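We begin with a single chain expressed as structure tokens, specifically the form predicted on its own.
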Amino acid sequence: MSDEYILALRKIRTAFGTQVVHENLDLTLYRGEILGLAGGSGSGKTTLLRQMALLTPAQQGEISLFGENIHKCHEKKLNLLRQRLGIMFQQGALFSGLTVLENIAFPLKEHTDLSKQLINQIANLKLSLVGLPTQVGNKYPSELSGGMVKRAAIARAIALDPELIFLDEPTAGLDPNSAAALDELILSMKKLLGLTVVVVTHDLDTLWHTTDRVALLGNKRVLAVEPMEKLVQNDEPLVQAYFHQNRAQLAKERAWNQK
């Protein structure tokens, strides 16, 4: 992780009608890190991810991405910034009517002028990078296991060689072995591709095993953002409550036993 920040959020306010989700929220993302976004249900993790990924705007505040103040960018510039990002949505969100290979190729067809042959070659390469065999490319999402769907969705997220990827609940719904294998994939891709990663997750094992820092959301703001070893010792009452439940303690013990 470097000292260079590639994404900064300052004084973010998000509201849906009278319901305020974020108020005066600050967060900085550094190049090369895996940042976890955690917090209780309703704390606005996915909403924040969508704002960071330029999918939805914040009502107030300032977001800087790759050195650009996005509020001063015209739509063409925003689209160029979006092409430097990759997103894996919850449950994969693959197009059901397209094969896996066609799903991975979709961003390349939309945003490049590459030939069909080259696009297929790149899509097959991305398929192999996430640990899926070539023959999976001809299958439809409904024919895949949950873990394979997640891997295919990550392959689509890296189709355009992004610098920054967002993963929304990547291990949700997976058995422990599949979840652990996906954690390893995230780590290996960060190292291999030099990615910066933001991961929204309830999976405490993922937070311990993959992240460099974790931002815990609560009370409409970031309560703390620290490596897990420090975060679990933070004196903030809401932080203590989140990380001292039984499941959190078991995840901590597993993490320490693996070291």
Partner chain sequence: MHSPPTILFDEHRSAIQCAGAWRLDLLSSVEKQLSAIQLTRPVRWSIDMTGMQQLDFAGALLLTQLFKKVQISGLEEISGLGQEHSQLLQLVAQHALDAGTIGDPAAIPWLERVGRTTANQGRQVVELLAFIGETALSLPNVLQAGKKLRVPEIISAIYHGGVTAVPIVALLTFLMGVVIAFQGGRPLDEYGVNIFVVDLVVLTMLREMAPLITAIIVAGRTGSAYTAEIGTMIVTQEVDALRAMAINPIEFLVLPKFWALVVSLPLLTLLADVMGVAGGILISQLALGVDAVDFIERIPTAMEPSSFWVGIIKAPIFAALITIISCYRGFQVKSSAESVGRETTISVVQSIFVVMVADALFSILFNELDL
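Remember, it's a predicted structure, so these values are computed and weren't measured experimentally. Numbering follows the first chain given and starts at 1.
Another form, the form predicted together with the partner chain, is not on view; read the next lines as being about it.
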| item | value |
| --- | --- |
| Close approach of D161 to the partner chain in the predicted bound form, 4.5 Å, heavy atom | yes |
| Distance check, L78 to the partner chain in the predicted bound form, heavy atom within 4.5 Å | no |
| 4.5 angstroms heavy atom contact with the partner chain in the predicted bound form for K191 | yes |
| is_contact(G97, the partner chain) in the predicted bound form, heavy atom dist at most 4.5 Å | yes |
| Residue (of C73, A181, V136, I122) lying close to the partner chain in the predicted bound form, criterion heavy atoms within 4.5 Å | I122 |
| Stretch in contact in the predicted bound form with the partner chain, which is absent here, among 85 to 93, 165 to 173, 101 to 109, 146 to 154 (heavy atoms within 4.5 Å) | 101 to 109 |
| Residues in 20 to 50 close to the partner chain in the predicted bound form, defined by a heavy atom within 4.5 Å, in order | none |
